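Below, in structure tokens: the form predicted alone, a single chain.
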Amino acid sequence: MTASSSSEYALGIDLGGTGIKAGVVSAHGTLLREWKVPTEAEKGGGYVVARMIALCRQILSELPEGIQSEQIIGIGIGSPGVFDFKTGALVAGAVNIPGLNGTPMRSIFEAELGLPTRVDNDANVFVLAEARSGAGRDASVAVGYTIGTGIGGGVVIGGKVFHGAWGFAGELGHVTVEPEGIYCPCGNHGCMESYASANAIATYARQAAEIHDNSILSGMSPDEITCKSVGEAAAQGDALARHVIERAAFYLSVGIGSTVIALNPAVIIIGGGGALLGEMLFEPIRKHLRRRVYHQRVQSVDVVGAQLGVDAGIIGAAGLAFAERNSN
């Protein structure tokens, strides 16, 4: 793709436990080219940061045709963990990369590469990508959930991630949906992710299959029962599988409903593996929201699946650089 010389671009980096993906992204959220390298997390945080910087240098030397280095306005990084958003330092939570916690990523990248750098949690980055150029495009307030091993979340207001007073806003998977319910490793009881993550859906399905003998799930071994296989059984009309999904939708609606009342978002975006359940999950969430949120009777908030897929991490990370520039 040939770029206009007057256009601006940013580098987006999606840091994962097994792979680092990076790319050049336009101001409109178009990913022009992507690079990938293994993380090699076992070599430690210092090695991984050096690997990311080397990858950025490679990208800057291999920019797509028509893009000049002076058109790159900054770098954005999406990473697991909790950040100090004033300093850009990773405070905690990078459990898969030993030694990364405490790393002042922003200052390191700016010193090494001379480009303004912003970092954020990977769930926030996902929501920012969808709000800028995906399912929440042009929404003044967008809320997103990633349903996977746990439930991540994020809030984007006016095109920027909302972090709250201390940077913890958007930890939506840890909203309480069942007081004194299942213990969550975060220390709370009854968190949404304990009831409606992909792992929680599979766990409840295994328990239910043990006491029902008239389900497709009953004929599977515990290891075969996953969120995906529950969805496949439900698509075939299996009543137990549909009940499992309905239960997850109910608990999602409890947490989402509180967020809708507090923030009045234009759209709720669902991503991650759980989003593959599609309308089997989204429609019961909408149904329960109509009961729980009084203004749904006046103006409904839609519940939709994410659109950007595996590119969201890179696009959203680059979006951090554009959001920062636009606020100055």
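The shown structure was predicted, so the numbers you read here are calculated from the model rather than taken from an experiment. The first residue of the sequence shown is number 1, and the count goes up from there.
One more form of this protein, predicted in complex with another copy of the chain, exists but is not displayed; see below.
*Asks:* Exactly one of Leu32, Ala266, Met280, Ala54 has a non-hydrogen atom within 4.5 Å of another copy of the chain in the predicted complex; which residue is it?
*Replies:* Partner contact (heavy atom, 4.5 Å) among the options: Ala266.
*Asks:* Only one of Val37, Leu60, Ala50, Ile261 has a non-hydrogen atom within 4.5 angstroms of another copy of the chain in the predicted complex; which is it?
*Replies:* Residue within 4.5 Å of the partner: Ile261.
*Asks:* Is Gly134 near another copy of the chain? Define near as a heavy atom within 4.5 Å, in the predicted complex.
*Replies:* Residue-level check for Gly134: no, no contact with another copy of the chain.
*Asks:* Using a 4.5 angstroms cut-off on non-hydrogen atoms, would Ile73 count as touching another copy of the chain in the predicted complex?
*Replies:* Ile73 lies outside the contact set for another copy of the chain.
*Asks:* Since only the chain is shown here, I'm wondering whether Glu246 would be in contact with another copy of the chain in the predicted complex (any heavy atom pair within 4.5 Å).
*Replies:* Close contact is absent here: in the predicted complex, Glu246 is far from another copy of the chain, nothing within 4.5 Å, heavy atoms only.
*Asks:* Taking any heavy atom pair closer than or equal to 4.5 Å as contact, tell me whether Glu224 reaches another copy of the chain in the predicted complex.
*Replies:* Result no; Glu224 lies far from another copy of the chain in the predicted complex.
*Asks:* Looking at 165 to 173, 216 to 224, 230 to 238, 97 to 105, which one sits within 4.5 Å of another copy of the chain in the predicted complex if you count heavy atoms only?
*Replies:* Heavy atoms within 4.5 Å of another copy of the chain in the predicted complex occur in 165 to 173.
*Asks:* Within 144 to 160, which residues come within 4.5 Å of another copy of the chain in the predicted complex, counting heavy atoms only?
*Replies:* Counting only heavy atoms within 4.5 Å of another copy of the chain in the predicted complex, the contacting residues of 144 to 160 are Val155, Ile157.
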